[in-house]
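Next up: a single chain in structure tokens, the form predicted on its own.
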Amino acid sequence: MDLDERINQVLSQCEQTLKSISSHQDLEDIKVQFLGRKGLIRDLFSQLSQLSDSEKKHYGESINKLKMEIESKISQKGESIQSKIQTSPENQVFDYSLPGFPYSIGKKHPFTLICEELYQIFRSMNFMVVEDREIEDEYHNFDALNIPKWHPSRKLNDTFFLTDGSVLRTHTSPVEIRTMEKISPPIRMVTIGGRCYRRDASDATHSAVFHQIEGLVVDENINFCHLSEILSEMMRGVFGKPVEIRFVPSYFPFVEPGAETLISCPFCKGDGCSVCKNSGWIELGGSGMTHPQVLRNVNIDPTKYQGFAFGWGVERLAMIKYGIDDIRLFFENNLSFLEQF
């Protein structure tokens, strides 16, 4: 057998032997068999003395290459054996006396908490909960709500207009219009947490994106007393205690008469505190009796039916209830803020 055949035979013998072993001890025996002082590689080098100088160079390089290849295969086999040992079930040791790893339990966002409360309050009063589109046409966002063409809210510096002439709704009042177009009185509807958009500079109390709760009741013989009672019940549910409602006359195109709605401070009971700025009262938003022209716009006879409506900021309610002093916190992933709830 010439030396080339012997070299190939040693490599093949090594590969076959490595396939049949499964322990580090067997691997050490193979190292000695092939790479030891009396191993097969050393035996091949000893045969070089019988060759010419040119053959010595050729076969010397071949034997060195064989040695490195065998070393690599033995190393790879060692890693494979070690991996199998580490992952075998009998070697998986677990100390059951060790303490467990701490983990955080997820919590609901304060916006979610207040919306869930409002949902339960109005469902208990037999209100229909309605959702609708955020991209509106000008008719439903402005015209049907009796908002004139010259009104500042229709200017580019207040409203986001899209290229097709539609708008990102500036309030949730269009939901009232679309509901009245579909349903005949009596109507008791509310939309909770509807997203709205206005070109407001962001600060502690203003945001270009915010959410509203919008309520509407249309029926025969509806008056301000009904509005006051609904809002009182709503605030009683939110704050868990009775509150007083006060109406301050104000102008809104879609209600007549219209009013800013104030509640007695649920924290100081009117004595004055930092929440109500020592006034004893907290302003929440607009409300009033649905304007007769708005009813006509949706083919409801204002001589037979009357209605009331209100639209308040949901973040505003949550800020008052939970003592949050910056509306921007609702839109940030601030864990120190979210973990408070």
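Keep in mind that this is a model prediction, so the values were computed, not measured. The numbering used is simple: start at 1 and walk along the sequence shown.
Note that the form predicted together with 3,4-dihydroxyphenylalanine isn't included here; everything after this is about it.
Peer 1: Could you tell me which one of F142, F254, F122, Y197 places a heavy atom within 4.5 Å of 3,4-dihydroxyphenylalanine in the model of the complex?
Peer 2: Selected option: F254.
Peer 1: Could you tell me which stretch in 127-135, 171-179, 67-75, 267-275 has residues with non-hydrogen atoms within 4.5 Å of 3,4-dihydroxyphenylalanine in the model of the complex?
Peer 2: This holds for exactly one stretch, 171-179.
Peer 1: Does 3,4-dihydroxyphenylalanine come within 4.5 Å of any heavy atom of Y59 in the model of the complex?
Peer 2: Judged by the heavy-atom cut-off of 4.5 Å, Y59 is well away from 3,4-dihydroxyphenylalanine in the model of the complex.
Peer 1: Should F310 be classed as touching 3,4-dihydroxyphenylalanine in the model of the complex when contacts are defined as heavy atoms within 4.5 Å?
Peer 2: Close contact exists here: in the model of the complex, F310 approaches 3,4-dihydroxyphenylalanine to within 4.5 Å, heavy atoms only.
Peer 1: I'd like to know whether T191 contacts 3,4-dihydroxyphenylalanine in the model of the complex, with contact meaning heavy atoms within 4.5 angstroms.
Peer 2: No.
Peer 1: Contact with 3,4-dihydroxyphenylalanine in the model of the complex for E117, defined as at least one heavy atom pair within 4.5 Å: yes or no?
Peer 2: E117: no contact with 3,4-dihydroxyphenylalanine in the model of the complex.
Peer 1: Using a 4.5 Å cut-off on heavy atoms, what residues in 197-217 are near 3,4-dihydroxyphenylalanine in the model of the complex?
Peer 2: Stretch hits, in order: R198, Q212, E214.
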